[in-house]
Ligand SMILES: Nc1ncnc2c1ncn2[C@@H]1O[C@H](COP(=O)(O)OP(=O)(O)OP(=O)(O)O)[C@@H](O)[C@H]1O
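As a starting point, one isolated chain is supplied in structure tokens, in the form predicted alone.
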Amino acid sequence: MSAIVSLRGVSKLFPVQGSKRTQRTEAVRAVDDVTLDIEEGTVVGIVGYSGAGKSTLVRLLNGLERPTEGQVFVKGQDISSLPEGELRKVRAGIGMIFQQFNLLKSRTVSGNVAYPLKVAGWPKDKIKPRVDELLEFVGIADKAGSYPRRLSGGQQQRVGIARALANAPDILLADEATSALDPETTRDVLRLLRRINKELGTTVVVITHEMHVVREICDTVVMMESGRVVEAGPTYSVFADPQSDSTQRFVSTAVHGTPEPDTVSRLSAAHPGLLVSIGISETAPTPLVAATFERHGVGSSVVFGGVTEIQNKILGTLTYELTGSAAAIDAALADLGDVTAVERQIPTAAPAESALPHLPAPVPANAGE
């Protein structure tokens, strides 16, 4: 595969006016020296907390912002310094869907989808068939004559997607496209985005702060922090072995991990055996873990955790209660330690009563009277 979008040393600075007294201007570096390739035909997730630079990066990709430094290439063309007229031609090949849908309230569903076609100068006799085709594709053909206010959030987003696909773009940018939707509707929209990628061959760039969105549909993930790319790679690799602190925090929201200390204490009270958390992955699937314990004569039962699927591969953490001789358990864990992460869960003892801070006794309301 080749890169359909490439950024080379791209930075974007926004001037910030200082106080009237000093009249100083300081630049805010929203995007900081980003070099990145987006491969054609893939789904890429760009992730980060608020202020990480994600939205600015999107506006650089479609030419709505120009880089202060560096170059942005779209389909091999450097768009960094193109005149506005040429940029409009580039944007015609880039669809955009938004968090708040941005539909025209005074137009019907058909009217919203037809609008970009009219702007692009499509012949009138070609517009309606194209609109009908798109509405059928996104699953709301029966809403063609409805107005946006009559639609649910998920239906409005489908209109937005149909509109973004009107001119058959090679690239589709989805900026927090599911943040305003409930979980079930989010899953429906994500499945639609994946279908667009698979059936139409469209490159999809998903801007999000929700790691479960990346887990569901993205081939690769790009982690941003303070305007910089701190980690990038295949989604499964990044989830399985996150390198940066930011990525580790994000991954922990979407993949089951080891129990917190208070949970370990509760589990220990209910399960007298040794508690051990085992990383589950392609190299250490649950059958291998179970077989290892059985081979060493160790009893095992899962008491916490979970396993999810990322890019058709399993990933997660399971906490087992182990019973048997200490030597057998140590041997089994040593074998597993060669292929996956193994962590013994030692319960944290509650502080003794004598160690607790003593607060002064409350003063009676009538004291001093």
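Everything numeric here is computed off the predicted structure, so don't read it as measured data. Start at 1 and count along the sequence shown; that's the residue number.
What follows is about the form predicted in complex with the ligand, which we do not show.
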item: Site test, Tyr49, Gly53 and Thr56 vs the ligand in the predicted complex, non-hydrogen atom cutoff 4.5 Å; value: yes
item: Touches the ligand in the predicted complex: Glu176 (any heavy atom, 4.5 Å); value: yes
item: Exercise: Leu64 in contact with the ligand in the predicted complex, heavy atom 4.5 Å; value: no
item: Ile329, heavy atom within 4.5 angstroms of the ligand in the predicted complex; value: no
item: Interface membership of Leu60, the ligand in the predicted complex, 4.5 Å heavy atom rule; value: no
item: Proximity to the ligand in the predicted complex (heavy atom, within 4.5 Å), stretch among 27-35, 312-320, 297-305, 331-339; value: 27-35
item: Heavy atom contacts to the ligand in the predicted complex at 4.5 Å, residues of 315-331 in sequence order; value: none
